[in-house]
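First, one chain by itself: the form predicted on its own, in structure tokens.
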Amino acid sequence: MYEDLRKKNVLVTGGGSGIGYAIAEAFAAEDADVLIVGRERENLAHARKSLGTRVRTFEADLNLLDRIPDLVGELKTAAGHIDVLVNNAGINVKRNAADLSDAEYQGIVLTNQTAVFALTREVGKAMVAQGSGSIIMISSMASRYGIPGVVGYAASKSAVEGMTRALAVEWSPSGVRVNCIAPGFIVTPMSSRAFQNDPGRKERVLARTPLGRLGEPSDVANAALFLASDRSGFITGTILTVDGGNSIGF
């Protein structure tokens, strides 16, 4: 479907499970060469075994910021260069704001925003030097809604959206496009647990979603394929909402 993605080198963080896995799977299906970075060894082993020979995995903790330049060097040595970066890795701590400690808040921001910037900076420098590249951030509808219990997550994802626009302005003249996907309510193990703990929440979500269903990880993966491909060649600095219309429903 996306001939221009064949043999492109695609780096996906947190690609061992959930939405990240679906994104890695989608790029591999387009015959791209996928590099998955994550810190869960079992997830990486599963991805490597199930996604085939076009996928290579690298165990790394992106919160160790001082190691990121060496990691990017290792990835460039393994692949030659990086054509696409998908910043998918992220965490959440669900807790009322009054009970969220400074350390917990900083931990969320470190993973979801600071580490994303540090990795993007290093990969982006290489992309600018080569004169091409597509960087895709993963945000969340938590950056648009007032959702209780996720203040750190919402703040970090709002920062990611602002960073997307700023980097797009800086790097697009050098041939590097920067975009962001904001998924809505997607079926993942995390969301499934949340719905089990609050059955009425799923009913409320579906009631205001015009398409009448929850999203699948493949819906986000399809958006990533489009933003990475030449078909979106005149798109940069945008936040693409993938939510079945939930944000406009009433």
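Don't overthink the numbering: it's just position in the shown sequence, from 1. Being a predicted model, the structure only gives us computed values, none of them experimental.
Not pictured, yet referred to below: the form predicted in complex with a small molecule.
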property: I91: touches the small molecule in the predicted complex, heavy atom cutoff 4.5 angstroms; result: yes
property: Proximity of K157 to the small molecule in the predicted complex, heavy atoms at 4.5 Å; result: yes
property: Partner contact for M190 in the predicted complex: the small molecule, 4.5 angstroms, heavy atom; result: yes
property: The small molecule contact at I19 in the predicted complex, heavy atom, 4.5 Å; result: yes
property: Site test, N9, F27 and T120 vs the small molecule in the predicted complex, non-hydrogen atom cutoff 4.5 Å; result: no
property: One stretch from 221-229, 34-42, 205-213, 48-56 that, in the predicted complex, holds residues within 4.5 Å of the small molecule by heavy atom; result: 34-42
property: Position in contact with the small molecule when the complex is considered in the predicted complex, options I135, L75, I138, L167, heavy atoms within 4.5 Å; result: I138
